[in-house]
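Encoded as structure tokens, the following chain is the form predicted on its own, with no partner shown.
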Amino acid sequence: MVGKKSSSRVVFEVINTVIMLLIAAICLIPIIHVIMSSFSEPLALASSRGLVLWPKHFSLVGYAQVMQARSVWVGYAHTLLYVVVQAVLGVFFTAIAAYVLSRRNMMLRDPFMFLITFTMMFSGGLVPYYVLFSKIHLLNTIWAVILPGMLTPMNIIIMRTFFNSIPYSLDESAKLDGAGAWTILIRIYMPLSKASLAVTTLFLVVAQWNNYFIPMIFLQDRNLWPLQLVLKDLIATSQGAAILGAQGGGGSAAETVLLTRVINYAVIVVGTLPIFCIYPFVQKYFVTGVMIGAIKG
């Protein structure tokens, strides 16, 4: 039988619920504003004041212009390339690093872990990266975007913790059957670590998809810009008007400015839509992987 809740408990739950609802509203209202503004008619949107929580005269004119903008789709293609390559290579090399660091007989395992953890708090900064990439001729290449975020200490620690939770007897049994380190990693550890692999993939995908600062520093060639950098340039420098001009759009300068605002909102939605679509399918792995890393660590 469930006991009656005390008055202090009821007050706590009410206050906690109100605070959580406020936090949820703070997170959701800007997203709703951007989505609804992207479906609004430019003139009606310009006349509105404050937040837009419902389309102002529903219109798809912003999306129609985005669909015709070559720079947006070139940036989209580059972003997909960077995300896929970084996710594949990042998961593979993170698994190798985590497997090696989880071996009990590895020499200097603790010093290596200390050095990896140390880089989470202290790093050389951006200038050494730039100098290094310049010396090895990686500036203005896709590797300048992919390599900096491919291996991260947090991903290595999470996967290493997961590997440590796998019974060591599986290693011994596999070695008795003649399996080597590669076979054990690929055919035993990785299939048993789907949650950890999904978490690492999610971290890598989200980080690369939202990445614009590293490309802004290392990519001077606009033909290699990812979508987020195109979006940043579109909003910060009002390049929406240039897009319309390149497409032969007519109308006055005032109409172009109004349409540019709707285009900015539409590009934001187009740029974030894939993450919204992917996240629900990997959320269960995300929660499982993080909790296992927290409990078994």
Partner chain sequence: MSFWHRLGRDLKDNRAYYIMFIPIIIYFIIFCYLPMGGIIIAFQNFRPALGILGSKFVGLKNFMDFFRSVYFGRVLRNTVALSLLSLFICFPLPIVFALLLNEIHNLRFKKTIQTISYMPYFISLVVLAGIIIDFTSSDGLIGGTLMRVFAGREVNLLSDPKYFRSIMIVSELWQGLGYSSIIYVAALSSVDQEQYEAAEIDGANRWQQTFHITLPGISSTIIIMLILKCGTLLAVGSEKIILLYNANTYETADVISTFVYRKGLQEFNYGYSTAVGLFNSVINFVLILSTNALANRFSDSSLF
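What you are looking at is a predicted structure, and each value in this text was computed from that prediction instead of being measured. If you superpose the two forms and keep the largest set of C-alpha atoms that fall within 1.5 Å, you have the rigid core. Residue numbers count along the first chain shown, from 1.
Keep in mind that the form predicted in complex with its partner chain is not shown, yet the notes after this line are about it.
Residues with any non-hydrogen atom within 4.5 angstroms of its partner chain in the predicted bound form fall in just one of 73 to 81, 94 to 102, 159 to 167, 191 to 199: 94 to 102. When its partner chain is considered in the predicted bound form, only one residue from I116, A174, L224, A87 comes within 4.5 Å through any heavy atom, namely I116. At a distance threshold of 4.5 angstroms between non-hydrogen atoms, T272 is in contact with its partner chain in the predicted bound form. Mapping the unseen interface onto this chain, K56 falls outside it, with no heavy atom inside 4.5 Å of its partner chain in the predicted bound form. In the predicted bound form, its partner chain stays beyond 4.5 Å of every heavy atom belonging to M36. Using a 4.5 Å cutoff between non-hydrogen atoms, G124 counts as a contact of its partner chain in the predicted bound form. Residues F12, E13, N16, T17, I19, M20, L21, I23, A24, I26, C27, L28, P30, I31, H33, V34 are the members of 12 to 38 with a non-hydrogen atom no more than 4.5 angstroms from its partner chain in the predicted bound form. Here I275 does not count as shifted, since its C-alpha moves by less than 2 Å between this form and the one not shown after the core is aligned.
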